[in-house]
Ligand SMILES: C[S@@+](CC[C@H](N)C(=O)[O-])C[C@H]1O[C@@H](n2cnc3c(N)ncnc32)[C@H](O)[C@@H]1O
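Presented below, as structure tokens, is a lone chain in the form predicted on its own.
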């Protein structure tokens, strides 16, 4: 997910980008000056240290990683991926640590450029991105049949964007778990400032070995998160353990689709790039995800690719498309911040990785071989079956 400008600025520059080749040399020069002024304005916001809760504010850090170690940690992260096609993370025992490192490196960039909900959504007709995002999150509360007074688990909660929506629309109490302490701190800050503290809690932990007792929650969900697990059965098994009998678990999974051909070198290359740029150990198929849930004891209630389920919804990857000048200005801002020493060394390389993986995600979406939102609805068997 690449760093984004304020919506009004982005819209203007994207319109200009489409007409750029038609402009005269003088007009192109004027556009360049305008881009420079915009960069300086946004850089001034950085130097001024404005409110970090606003996604237009750029304040890059290494998250839970000491700033002096960011570059070394990114190098180690990059080296953890094999060079052979389809290899992914070579030592799967290091997956949990690498995911922790990944989210320390990218959380600030995600918040500034994407917002507080680290996921994709189908673009609903006549709705803006935020409304489409909220609807995608609110679906979770409906599928889980959540009610006021109940308790649900957000597995891989990030900085808590979806948690706040699910809690607000359902009235249920949501506990989030994330491996990254920096995200725990950010989520708690957002929850308090946005008035959701009474209905939320956030803990640091490994979702393949959670610190909760059996039969604790009335529902559980994961939004584009369990794809980080070394094995899906590990995290699905833990979710099964902490759910009450008769309760539901819903996940939006990153998986390959039926169109993916393991013998197609271009398909494999796209998946490898998606894995590397998003901290995934490997790419599972939709069928492997279904089977993983059933293998740990769940009943499969629904399996549906939300990326293609609605013929009127826009492509989930459309949000990743950016005009020529948005790319250029973003690169200029991050490079300037890096040159002035306002961000840890190595963050520029992290930003570049995210810009590059956006291209691969678009390719995965356009070709139809990848989806970040295959919906799986599972139920834990038991006498307390909900109507």
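Residue numbers count along the first chain shown, from 1. All values reported here derive from a predicted model rather than from experimental measurement.
Although it is not shown, the form predicted together with the named molecule is what the next lines describe.
Trainee: Quick one: of 99, 105, 140, 153, which gets a non-hydrogen atom within 4.5 angstroms of the named molecule in the model of the complex?
Mentor: Flagged contact: 99.
Trainee: Would you kindly say which of 284, 267, 123, 119 lies with a heavy atom within 4.5 Å of the named molecule in the model of the complex?
Mentor: Selected residue: 119.
Trainee: Okay, which stretch from 84-92, 237-245, 222-230, 288-296 lines the named molecule in the model of the complex, with non-hydrogen atoms inside 4.5 Å?
Mentor: Flagged stretch: 222-230.
Trainee: Quick one: is residue 185 in contact with the named molecule in the model of the complex, heavy atoms, 4.5 Å cut-off?
Mentor: Output for residue 185 is no: heavy atoms all beyond 4.5 Å of the named molecule.
Trainee: Within a 4.5 Å heavy atom cut-off, is residue 180 in contact with the named molecule in the model of the complex?
Mentor: Within the cut-off, so yes.
Trainee: How about residue 166: is it within 4.5 Å of the named molecule in the model of the complex, going by heavy atoms?
Mentor: Contact with the named molecule, no.
Trainee: At the 4.5 Å heavy atom threshold, is residue 206 in contact with the named molecule in the model of the complex?
Mentor: It does: once the named molecule is placed as it appears in the model of the complex, residue 206 has a heavy atom within 4.5 Å of it.
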